[in-house]
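Below you'll find only one chain, the form predicted on its own, shown as structure tokens.
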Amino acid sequence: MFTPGSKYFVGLTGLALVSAVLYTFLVHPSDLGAFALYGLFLNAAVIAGFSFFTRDGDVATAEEAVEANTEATAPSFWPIVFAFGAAVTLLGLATNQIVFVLGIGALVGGGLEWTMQNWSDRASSDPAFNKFVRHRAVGALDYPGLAGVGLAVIAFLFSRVMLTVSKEEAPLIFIVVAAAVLVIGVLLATKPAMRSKSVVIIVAGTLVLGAAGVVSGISGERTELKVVAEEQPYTVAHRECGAEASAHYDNKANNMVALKSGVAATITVKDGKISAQLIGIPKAMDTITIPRSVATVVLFRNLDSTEHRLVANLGEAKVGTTDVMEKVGTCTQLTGKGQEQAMTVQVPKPSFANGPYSFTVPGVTGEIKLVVP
């Protein structure tokens, strides 16, 4: 009844139980040693149960003997991929979102392939037939899936390299790599003798790219990209509304306005003076009235030879819960001669409560009063 393996683990189970009970009553019931002995007892009991169930691999009938002596299934590397995906996923939770996504991809892909391989290995006792069954089930997805993963990894590693090198070096590296890929592809297509070495070339190129990507990732992005990522100088919060040009806010100003902008008024600078004109009223005006809490588009047109920007002065407001007052407003980017820009203004408070409001152009005389009922 008792096999050699089951006898050993039954004895270990009894010894662990007796030791745990004695330790509990004689030493300390909640000490770490008591937990360790109870854990040993449970583990030994589980293994003893498996020994009883499998009877140490002994067989009782000829059919079981035949089944036990069938050829073992081929080893699989998908459990390694699954475990690697789990490790990368946990690493991504603590480091980077991209690493987390790659880990999820490896986890899901490895789990699916592992499941399909286990299913196909149990289809029959013939390994060749099992391989055929698996190929019929998911064979059409293997190469596209692996190619997609490979291209994603290559693109990510290549992007790390491009973000590390300077703007002058990046185009040269891109041209050299593209030319090398083209030359190797032509040689493999025209010289059949080199096709046997294609795997070596691909592996070598992947290793070189992987090493370069890892080194670049550790080195980090180039200085100007780090500054932009940390300070975000191109956002509206960093706009500068003075007469001088801003290094970031005025960079590559569009200076074009779409016809469907729905302009309510036009403010023009000409000969160093500012004037306004409402849509449908040809007369020049010095006051513009806009509705409260409604987004209104005002067109700014510069007819001077000097670059100018339109500034909307919308009163003052307290900074948080302090008594410090700061100016509220917005402005356009610098606008060149004969160019236009649109400004969207949405004022939540009337001008008599938080005013006065106005439109000004730094360096130009005069202003346009803004009335918000």
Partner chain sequence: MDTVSHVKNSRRRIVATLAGVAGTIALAGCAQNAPQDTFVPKGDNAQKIDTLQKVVFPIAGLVGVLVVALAIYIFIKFRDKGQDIPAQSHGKPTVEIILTIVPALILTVVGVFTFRTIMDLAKTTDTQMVINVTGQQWWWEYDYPAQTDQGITQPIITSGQLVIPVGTNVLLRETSRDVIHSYWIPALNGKKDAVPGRIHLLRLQADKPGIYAGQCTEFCGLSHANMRMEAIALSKEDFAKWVAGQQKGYTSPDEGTKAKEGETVFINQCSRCHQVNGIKDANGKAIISAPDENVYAGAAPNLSHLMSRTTFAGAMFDLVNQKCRDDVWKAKSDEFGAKYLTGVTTDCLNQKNLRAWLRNAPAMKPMYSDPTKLAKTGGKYRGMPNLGLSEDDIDKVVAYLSTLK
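Numbering follows the first chain given and starts at 1. In this text the structure is predicted, and so the values were computed from the model without any measurement.
Although not depicted, the form predicted together with the partner chain is the subject of the following passage.
When the partner chain is considered in the predicted bound form, only one residue from Gly363, Pro356, Gly11, Pro350 comes within 4.5 Å through any heavy atom, namely Pro350. For the options Pro192, Pro144, Pro282, Pro75, the one in contact with the partner chain in the predicted bound form, meaning a heavy atom within 4.5 Å, is Pro282. When contacts are judged by a 4.5 Å heavy atom cut-off, Arg292 counts as touching the partner chain in the predicted bound form. Though the partner is left out of this view, Gly205 does not reach within 4.5 Å of the partner chain in the predicted bound form, counting heavy atoms only. When contacts are judged by a 4.5 Å heavy atom cut-off, Gly148 does not count as touching the partner chain in the predicted bound form.
Contact annotation for Gly262: at least one heavy atom lies within 4.5 Å of the partner chain in the predicted bound form. For the partner chain in the predicted bound form, the listed stretch (112-120, 94-102, 293-301, 163-171) containing residues with heavy atoms inside 4.5 Å is 293-301.
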